[in-house]
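One chain comes next, on its own, written as structure tokens: the form predicted alone.
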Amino acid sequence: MCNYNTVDTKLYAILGGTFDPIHYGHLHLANSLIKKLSLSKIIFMPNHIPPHRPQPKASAKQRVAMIKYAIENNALFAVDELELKKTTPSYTIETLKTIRKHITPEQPLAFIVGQDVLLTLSTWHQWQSLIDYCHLVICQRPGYHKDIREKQLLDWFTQHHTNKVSLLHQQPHGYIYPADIPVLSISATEIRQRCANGLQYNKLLPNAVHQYILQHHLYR
């Protein structure tokens, strides 16, 4: 588990995902949020058994290695293997509860999700309790409609929505912030498919990650 005691009292954020593999889309998003939200750190948290998507192709060890190669030159990035130690599906609410036990009650914490995730958030385990432990930062993804059509989800979003970054720093949790950040149209699925078909994909991710994929014969 990441040593959260080393994180100062400024706002920091968790970016979860399978990272199968990590690519420039992830890194562009993280760098943009660091600037836009004045984050002290972004912590990449790879899933072990994601409950809402297909299982990763690369092993947990391989995905962590690729993340470490991708972020090794950025002091504002870190990786947490907390969810990889579980043998059950990775429910975000349980992860947030665990993290909260290791930080002060006053520590501002954000969890980053895509617009596509927001539109299906009501299918998540204890979804309405998420903001009892963190702020939610919603990032627009290409091809997804912005409108929330489910009334219960819309009411919840409207109640906790804010456009003020300052509130994310002043309170430890409780707000939903839509971040208007252009997201690169790169997907890990595309990279895996291109790799399997012998097509070029090296420009979609850091060279160190590309070399790792080649050396370990991943996604063939």
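Residue indices: 1-based, along the sequence shown. Note that the coordinates shown come from a computational prediction; the quantities given were computed from them, not determined experimentally.
The protein also exists as the form predicted in complex with a small molecule; that form is not presented, and the subsequent description refers to it.
Considering the small molecule in the model of the complex, the lone stretch of 107-115, 93-101, 128-136, 73-81 in range is 107-115 [heavy atom distance within 4.5 Å]. Proximity to the small molecule in the model of the complex, taken as a non-hydrogen atom within 4.5 angstroms, holds for one residue of 37, 153, 29, 43, which is 29.
Just one of 165, 183, 179, 58 comes within 4.5 Å of the small molecule in the model of the complex, counting any heavy atom, and that one is 183. Looking at residue 206, you'd find every heavy atom of it more than 4.5 angstroms from the small molecule in the model of the complex. In the model of the complex, the small molecule lies farther than 4.5 Å from every heavy atom of residue 123.
Contact between residue 192 and the small molecule in the model of the complex is found at the 4.5 Å heavy atom cutoff. Of the heavy atoms in residue 187, some are within 4.5 Å of the small molecule in the model of the complex.
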